[in-house]
Ligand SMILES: Nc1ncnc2c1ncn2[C@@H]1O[C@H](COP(=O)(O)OP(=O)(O)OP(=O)(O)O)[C@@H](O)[C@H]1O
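Heads up, the chain below is alone and in the form predicted alone; it's given as structure tokens.
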Amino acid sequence: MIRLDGAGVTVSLPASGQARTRVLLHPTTLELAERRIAVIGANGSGKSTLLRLLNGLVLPSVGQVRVHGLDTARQGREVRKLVGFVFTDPLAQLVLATPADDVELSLRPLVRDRSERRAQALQLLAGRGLAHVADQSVYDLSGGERQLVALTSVLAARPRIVVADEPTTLLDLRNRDQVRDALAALEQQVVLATHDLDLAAEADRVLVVDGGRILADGKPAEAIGAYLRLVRG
């Protein structure tokens, strides 16, 4: 269970003279318990801020965020063990030279023996159909392969929740479908932000964010309909 209790985010803006602030997310109260939750909205609406609150990448300026009872502000390290985060651009999180090295890094806290870590990393990549790129440079991979490697690295840490920020936005149709299928098959709770309304329609619950506020929250057809009315005026 993820719970937001009046959680909001305000940032300071550089300015000469009087200090200025901007509200990225107005105080929000939510319980997120469904297995698949999609967050939709325009660029700059607050989607990414909302998602980053869920594993402590962003801390609330007011209110509180709890994940399975853990406070993201006070117990961030423990929260990040529970919540894996997949970025829009996988190169933002692939920190080592090859897929095998990166997945092995995620396994390091769980598997102490180096040879066993390597074997598990290769096995996990093979399970995603990535055995053939295990030792290639991440810069030589396609966008879809990079995103699947990033997802594999996140899952190697055995999170209970996966948060994905527009994971298919930079992908072509074939690679988008591969990533969508991979996310759909996960046992973990998945919370994702997306512009892909077909992907959002597959969720159990959809949140519509606009201007840093939750404007609609409900079943996919209802929430997506509200979003389309919003953007079409």
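The structure displayed is predicted, hence computed values, not measured ones. From 1 onward, residues are counted along the sequence shown.
The same protein also exists as the form predicted together with the ligand; that form is not shown, yet it is the one meant from here on.
- With the ligand omitted here, the record of contacts in the model of the complex names 140 to 148 of 100 to 108, 123 to 131, 79 to 87, 140 to 148, defined by a heavy atom within 4.5 Å.
- Using a 4.5 angstroms threshold between heavy atoms, residue 166 counts as touching the ligand in the model of the complex.
- Interface residue remark: residue 55 is not counted as part of the site for the ligand in the model of the complex, having no heavy atom within 4.5 Å.
- At a distance threshold of 4.5 angstroms between non-hydrogen atoms, residue 30 is out of contact with the ligand in the model of the complex.
- In the model of the complex, no heavy atom of residue 69 sits within 4.5 Å of the ligand.
- Contact with the ligand in the model of the complex holds for none of 36, 160 and 218, as no heavy atom of theirs lies within 4.5 Å.
- In the model of the complex, the ligand lies within 4.5 angstroms of a heavy atom of only one residue of 190 to 206, namely 195.
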